[in-house]
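Just one chain is shown here, as structure tokens, and it is the form predicted on its own.
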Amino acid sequence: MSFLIIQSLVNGVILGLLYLLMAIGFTLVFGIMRVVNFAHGEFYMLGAFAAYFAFAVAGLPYPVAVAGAFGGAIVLGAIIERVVFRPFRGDELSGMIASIGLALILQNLALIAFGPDPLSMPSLVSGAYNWGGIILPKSRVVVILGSMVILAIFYYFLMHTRTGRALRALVQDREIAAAYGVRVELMYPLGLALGAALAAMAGAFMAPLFGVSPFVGGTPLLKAFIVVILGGLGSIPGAVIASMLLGLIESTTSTFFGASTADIVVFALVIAVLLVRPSGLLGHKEA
């Protein structure tokens, strides 16, 4: 029983890291643009396809495939902010509707280009580690380490660079940040580009584990949405706590009571938290 508990906790941390990679871009975009970006799952899907074609088809090294997904998403995100979201800046409802339209367009373009059938990506490495009965596939270790490196780089960027501090200031209070000289016009495309890039890298990391299809972004989007609601819209520390909490609850509940029970527990938790703190664990009430 004790091995089973430890195994489920390890799996929960893995899930939490992957949810965090997905959710932190989602909450960054909301914090800066005040738009719930329903196309975030499609950036995940495009990152998964980019990794598949670079690694499985073209035979490029996996790190190059992930870097390609990152670079492509940065460019695409900046273009989409200019073409799709900028005309609706300041109109949050229209921006949200535009994101739904964008999601449908990207998903159907992928459907036309690649077809509806899921594609399997070769495993990065074979075998598994066995630590006293705790089994951990090596491919998941690669994904964990890759996610941790990306999150560490992103954390350093946010905390220790001038641009990162400007982004955090904008998330916390747009008017005060602008008054202190933050160039808001430049932060909008940067925020969306970074959010898209983080989602694309999550897709590139997950592709070897769960395959690739035009519909693969739906579940990660739902998880990211749950994380940011639970942690507090626009709160990056809240997203960190909520991601780990969600991963651990899902993993342990699924292990002992099944996946359906895990979904019930997760949504019951979200409802309970919102009843006590409508703004989420670390969210702030809108003035």
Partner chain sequence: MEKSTAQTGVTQASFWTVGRGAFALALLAAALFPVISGSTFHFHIAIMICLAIIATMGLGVIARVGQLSLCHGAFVGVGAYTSMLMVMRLELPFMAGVVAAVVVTSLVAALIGGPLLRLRGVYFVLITFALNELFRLVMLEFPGLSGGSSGIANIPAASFGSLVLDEKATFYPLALISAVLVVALVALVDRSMIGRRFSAVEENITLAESTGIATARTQNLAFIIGSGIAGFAGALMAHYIGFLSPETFHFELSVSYIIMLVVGGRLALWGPVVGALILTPLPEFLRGAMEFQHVFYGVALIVILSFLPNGLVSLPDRLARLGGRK
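This is a predicted model, so every value here is computed, not measured. Numbering follows the first chain given and starts at 1.
In what follows, reference is made to the form predicted in complex with the partner chain, a form of this protein that is not presented.
- Heavy atoms of no residue among V13, G72 and F154 are located within 4.5 Å of the partner chain in the predicted bound form.
- Between the partner chain and the residues A179, L93, I79, V149, the one pair within 4.5 Å by heavy atoms in the predicted bound form involves L93.
- Scanning L190, A169, I144, L102 against the partner chain in the predicted bound form with a 4.5 Å heavy atom cut-off leaves one residue, L102.
- Contact with the partner chain in the predicted bound form, defined as any heavy atom within 4.5 Å, is confined among 106 to 114, 154 to 162, 194 to 202, 171 to 179 to 106 to 114.
- Heavy atoms of F53 never reach within 4.5 Å of the partner chain in the predicted bound form, leaving it off the interface.
- The partner chain is not shown here, but in the predicted bound form it comes within 4.5 Å of a heavy atom of F30.
- Shown alone here, V184 lies farther than 4.5 Å from the partner chain in the predicted bound form, counting heavy atoms only.
- Within this chain, I229 lines the site of the partner chain in the predicted bound form, having a heavy atom no more than 4.5 Å away.
- For the partner-free chain shown, S260, D263, I264, F267, A268 of 250 to 269 come within 4.5 angstroms of the partner chain in the predicted bound form, judged by any non-hydrogen atom.
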